[in-house]
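First, one chain by itself: the form predicted alone, in structure tokens.
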Amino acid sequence: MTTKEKTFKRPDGRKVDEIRTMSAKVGVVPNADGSAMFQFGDTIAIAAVYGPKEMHPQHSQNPATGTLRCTYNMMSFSVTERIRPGPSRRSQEISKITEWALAPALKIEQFPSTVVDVHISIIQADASTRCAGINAAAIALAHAGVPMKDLVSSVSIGKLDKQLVVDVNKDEEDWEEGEGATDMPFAFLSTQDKLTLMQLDGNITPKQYKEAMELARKAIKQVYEVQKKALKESINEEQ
């Protein structure tokens, strides 16, 4: 870590490469086929999985493979200023992005003409909600017994003025000093180092992009350990 990185002050006092306190738990929705909670600091996501089940309407069925269908939703009470409940353009976009991030991990082709529904609810929001949702969804899919090649782990990298940081919170997301804030959600197949998601909201140089990728790779390992621990604990509880 450079001298500049050591002296850089984040709003909550974290180091530039420090993730907020994480926690995860499996089996939080009893009537789902699989479910999980994942938390970054004050951001909490719950995912519930239903399926594989027969796709309806029938004309939407794909006889060659199954379908992953994700629904992301921020609860109206998840933020300080109450938001309008129901789908929005943002929630529809994140739902589709979540499908793209998770799909490479699934062996859904084993279930032709079926659908796996993943419902993600953000019950408390302090930025990095899509990353928390992806992390919760990945372990919920594993809990549901959906065949998977790997887990998917996700983390955000931000740029505050010119400084890259790991796991952006709301204060950092709203950063207005210097060049403003840049937010980059990443997702990887957890053990294969294969990128499944990278978005960019803001401006970044090619050099900074490479640095952000390396920060994300290191952070993902920590996220994966939390996911893996939650799954192991759920197996031990069931035995």
Partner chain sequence: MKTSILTIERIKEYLEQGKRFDERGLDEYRDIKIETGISKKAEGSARVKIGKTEVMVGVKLDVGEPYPDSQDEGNMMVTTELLPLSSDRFELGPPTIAAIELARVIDRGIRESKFIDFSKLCIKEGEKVWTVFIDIYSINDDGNLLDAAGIGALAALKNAKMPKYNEKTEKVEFGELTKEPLPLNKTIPLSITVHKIDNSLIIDPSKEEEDASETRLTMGLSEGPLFSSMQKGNSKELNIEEVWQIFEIAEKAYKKIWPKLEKFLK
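Positions refer to the first chain, counted from 1. Keep in mind the model is a prediction, meaning the values are calculated, not measured.
Omitted from view is the form predicted together with the partner chain, to which the following refers.
Heavy atoms of residue 200 reach within 4.5 Å of the partner chain in the predicted bound form, making it an interface residue. Among heavy atoms of residue 92, some come within 4.5 Å of the partner chain in the predicted bound form. Mapping the unseen interface onto this chain, residue 221 falls outside it, with no heavy atom inside 4.5 Å of the partner chain in the predicted bound form. Residue 162 falls outside the set of residues with a heavy atom inside 4.5 Å of the partner chain in the predicted bound form.
Of the residues 44, 32, 204, 55, just one reaches the partner chain in the predicted bound form with a heavy atom at 4.5 Å or closer; this is 204. Using a 4.5 Å heavy atom cutoff, 100, 195 and 217 all lie near the partner chain in the predicted bound form. Of the candidate stretches 112 to 120, 70 to 78, 92 to 100, 134 to 142, only 92 to 100 has residues whose heavy atoms lie within 4.5 Å of the partner chain in the predicted bound form.
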